[in-house]
Ligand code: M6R
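Presented below, as structure tokens, is a lone chain in the form predicted alone.
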Amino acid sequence: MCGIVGYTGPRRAAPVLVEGLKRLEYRGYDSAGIAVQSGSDLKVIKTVGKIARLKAIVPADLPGTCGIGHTRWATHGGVTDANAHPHRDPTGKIVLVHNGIVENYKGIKEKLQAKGAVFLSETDTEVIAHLIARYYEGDLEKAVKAAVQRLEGTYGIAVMHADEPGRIVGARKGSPLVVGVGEGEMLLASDVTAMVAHTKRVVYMNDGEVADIRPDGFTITDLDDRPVDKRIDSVDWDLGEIEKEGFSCYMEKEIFEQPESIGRALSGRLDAEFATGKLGGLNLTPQQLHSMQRIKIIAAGTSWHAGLVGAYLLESVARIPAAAELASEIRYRNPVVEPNTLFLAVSQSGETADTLYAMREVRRKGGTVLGICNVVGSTIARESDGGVYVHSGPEIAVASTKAFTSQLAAFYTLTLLLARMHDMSPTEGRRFMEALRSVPDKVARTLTLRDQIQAIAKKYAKARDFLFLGRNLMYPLALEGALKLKEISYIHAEGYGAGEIKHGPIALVSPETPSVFLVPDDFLREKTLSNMKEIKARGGPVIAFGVEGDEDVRELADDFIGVPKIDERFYPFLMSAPLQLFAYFCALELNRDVDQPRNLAKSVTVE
């Protein structure tokens, strides 16, 4: 949530900033603004609404080759022009943009007001600008360092001063910042997508670090002025991967990219000789991995649903006790960290605040944490003891699709690796591996069901409530299907274990409330059919996502989608895309903003 971009170099800054902010739209925002420096003049332009509105009010000939920009997702104060970033200090010489939350801003603000300070916004951010001004004595970097040491909470900031042309100072704690290293120009952003059009050479900042960037280079130091030696990394994807490439929106594109993204997540990770998985970044010896007696998965949102699937697999296939925990709960529950327990922190962005803080609490207690992330160089990836990149590529739409199935691929590979270390035979390992290798092609086949799914979505899109029901591995998929529908169509939906409907949810069943059943041909198929009959007996419409050729399910359901047949352990992959398409087409029918649903952000970097 929120986005930062900064530029200093030979070019006019405004177009670079606006373009960068446009590429950060997916993070979620409700206002935007830029500040551009021309000589000793600082021009601030900001507005509520979309980037297109900002672009329309930025003069085409706006001078200045150094600037900062921001997309704001409101936390402190409403959605107004005054609360939009950038913010100034009382002298007007300092401009600042900020991601994160200053938890002690109220106390600081009251003390400053007692000394005569006047505030022009309701934000927590404005107090940072005032503090920097109080500490400024001719060196912006020193003033920033002094100011941030008074802050409690999280921040990623970019600051300019009118008396120091061409200079941007950035600092981070709990909110990502990346330095972009160009030829005679430098960039600063909260996400590499804002700068990849200009450079692929990046430096990932850590908490407690301050970057001083100028057109000819950068330095990074800690809050005690000690230089920090940083490695310059290279972004391994191209600009085309963050373009729509003929699709109507990013979500549609990302749904249809899943055969390729799952293939990338599996590439090089299946060992045919030993019929096992290969995950080179775990940083654990085979002996250490084998000694793990329990696995706990820490995640939020869609990643938690992937973690639930992973926990089912690890227990049923690898025979290791496993559970998926909500990161926002485990952090404050004073978790017991037992010996020989492996923790897995799962996050698409690698910056999810709840997951990051929970991971830090577990590591503080001596736990071993592996990260499962998509974004290379992200904080969770850097701070964990090892881990797995899922390689789904940039995911721009707020609602996660291809990252979810890539996370599943990581869990299936880990399950195979651990199962072969324990009781799984080479013969069974080969069967499991071959089924996993068949997944990308079979997911591609499910995507050919597009028109059928669109017709069903058109039929039911005006319903106010949905139930999503499944058993065993389909229970997490029911939760995920309901979440996708809520996220992008704003239709109320609940996911349940199908066996739970008689314990309360069946009271909701009516002709106006459709139930979506997930019915693979697994060992619980007959029980799920019984649950479908319970709904039908009470007049509830039934949409069934089953297996092609299953006439029993087809006859019982009002509407039926049949996915290809596969080993029953692998249906989570094949049910994912149809559920995503169903939510997508319902949202289109209701004319929703699919890529940027209201109130949501792609990377949730505050609690």
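Sequential numbering from 1, following the sequence displayed. Model, not experiment: these values are computed from the prediction.
A second form of this protein, the form predicted in complex with the ligand, is not displayed here; the remarks below concern that form.
Remark: Met186 does not count among the residues lining the ligand in the model of the complex, judged by a heavy atom distance of 4.5 Å or less. Proximity of Asn99 to the ligand in the model of the complex falls outside the 4.5 Å heavy atom cutoff. Taking non-hydrogen atoms only, Val604 approaches the ligand to within 4.5 angstroms in the model of the complex. Mapping the unseen interface onto this chain, Thr413 falls outside it, with no heavy atom inside 4.5 Å of the ligand in the model of the complex. When you look in the model of the complex, the only residue of Glu164, Glu252, Asp124, Glu487 with a non-hydrogen atom within 4.5 Å of the ligand is Glu487. Residue in contact with the ligand in the model of the complex (any heavy atom within 4.5 Å), chosen from Val192, Val362, Leu483, Leu417: Leu483. Only one segment in the set 455-463, 215-223, 71-79, 348-356 has residues whose heavy atoms sit within 4.5 Å of the ligand in the model of the complex; it is 348-356. Using a 4.5 Å cut-off on any heavy atom, none of the residues of 567-582 reaches the ligand in the model of the complex.
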